[in-house]
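There is one chain below, alone, in structure tokens, taken in the form predicted on its own.
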Amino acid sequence: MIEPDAIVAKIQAAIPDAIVEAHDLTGTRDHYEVIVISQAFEGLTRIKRHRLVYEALHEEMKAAIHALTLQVYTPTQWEQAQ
């Protein structure tokens, strides 16, 4: 199990300009939806964006996180999605 704040901190450590929201989907602290907004995603495919986030959570994905849903945006894409 892992707390949402720990997920946010790990991602922000790996992607310093990232705005991150982590939502526990089941109340068990192992199924999360994470939204990441970063200029670092500019020009990257969705797969490469996901890889950046997965790299940040590499250790946690081995045991603490059972399921992870990602939404990854550049700041411009986030504005358009709102």
Partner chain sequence: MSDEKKSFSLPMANPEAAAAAARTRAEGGDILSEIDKEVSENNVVLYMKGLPDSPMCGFSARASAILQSYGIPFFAVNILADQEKREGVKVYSKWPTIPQVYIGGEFLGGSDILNEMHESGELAQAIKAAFGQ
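Positions refer to the first chain, counted from 1. None of these values were measured; they are calculated from a predicted model.
Note that the form predicted in complex with its partner chain isn't included here; everything after this is about it.
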So in the model of the complex, is its partner chain close enough to M61 to count as touching (4.5 Å, heavy atoms)? yes
May I ask you to check whether H50 falls inside a 4.5 Å heavy atom distance of its partner chain in the model of the complex? yes
Since only the chain is shown here, I'm wondering whether A67 would be in contact with its partner chain in the model of the complex (any heavy atom pair within 4.5 Å). yes
